[in-house]
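Next up is one chain by itself, shown in structure tokens, the form predicted on its own.
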């Protein structure tokens, strides 16, 4: 029919093309639905590793896309990937979630780390468990900004450029922050190991 807009193949379109269609009443639901499908898992994982439980992660992830849909008309392309815009919305909602509840800003990386620490024997299992515990404790002592960086780097597997877009920093600044974070994490791990060794020594002395 002449004058009728042809239904596009949404899966072949770029994010920006989908954003434009999301602003069009004729295509907005389907186009935004494709954006949702592309990023819902990433956003959920990010929120989960910042909150620590599935119920709140599901609620906040849904709110991220609800807010994005409500503000899609105001989105403009300034060279920043669309997913960075979603992550910023997620970051703000998570920050509000923590502030409203007065909770510590931690990354519950237990499941993430556990999948990367294999064990073949009871001794190795105990050793891996202790290493995982030390790592988690060290991460949780880091500032919130560095916890966010680790989540984006190791949970979401994003590049420094992508992380920079999300955290509103240059790629060079992210590289520098990442380097300082690794040094701080190493120091925290060493401090935790020393404390564990001292506790073990004291128990043996008392025993």
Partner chain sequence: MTISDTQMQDLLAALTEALRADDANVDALITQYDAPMREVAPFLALISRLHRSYVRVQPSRRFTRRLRAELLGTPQTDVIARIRYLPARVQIAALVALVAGITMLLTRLRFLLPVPRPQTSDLGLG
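For clarity, every value in this text was computed on a predicted model and none was experimentally measured. Positions refer to the first chain, counted from 1.
Note that the form predicted together with the partner chain isn't included here; everything after this is about it.
Exercise for review: May I ask whether 67, 100 and 185 each come within 4.5 Å of the partner chain in the predicted complex, counting any non-hydrogen atom?
Suggested key: Affirmative, all three are within 4.5 Å.
Point to revise | Close approach of residue 16 to the partner chain in the predicted complex, 4.5 Å, heavy atom | key: Residue-level check for residue 16: no, no contact with the partner chain.
Exercise for review: Report whether the minimum heavy atom distance between residue 61 and the partner chain in the predicted complex is within 4.5 Å.
Suggested key: Judged by the heavy-atom cut-off of 4.5 Å, residue 61 is in contact with the partner chain in the predicted complex.
Review point. Residue 45 near the partner chain in the predicted complex, any heavy atom under 4.5 Å?
Key: Yes.
Check your understanding: So, in the predicted complex, is residue 131 in contact with the partner chain at a 4.5 angstroms heavy atom limit?
Key -> Residue 131 belongs to the contact set for the partner chain.
Check your understanding: Quick one: which residues from 26-57 get a non-hydrogen atom within 4.5 Å of the partner chain in the predicted complex?
Key -> 29, 32, 33, 36, 37, 40, 41, 42, 44, 45, 48, 49 sit within 4.5 Å of the partner.
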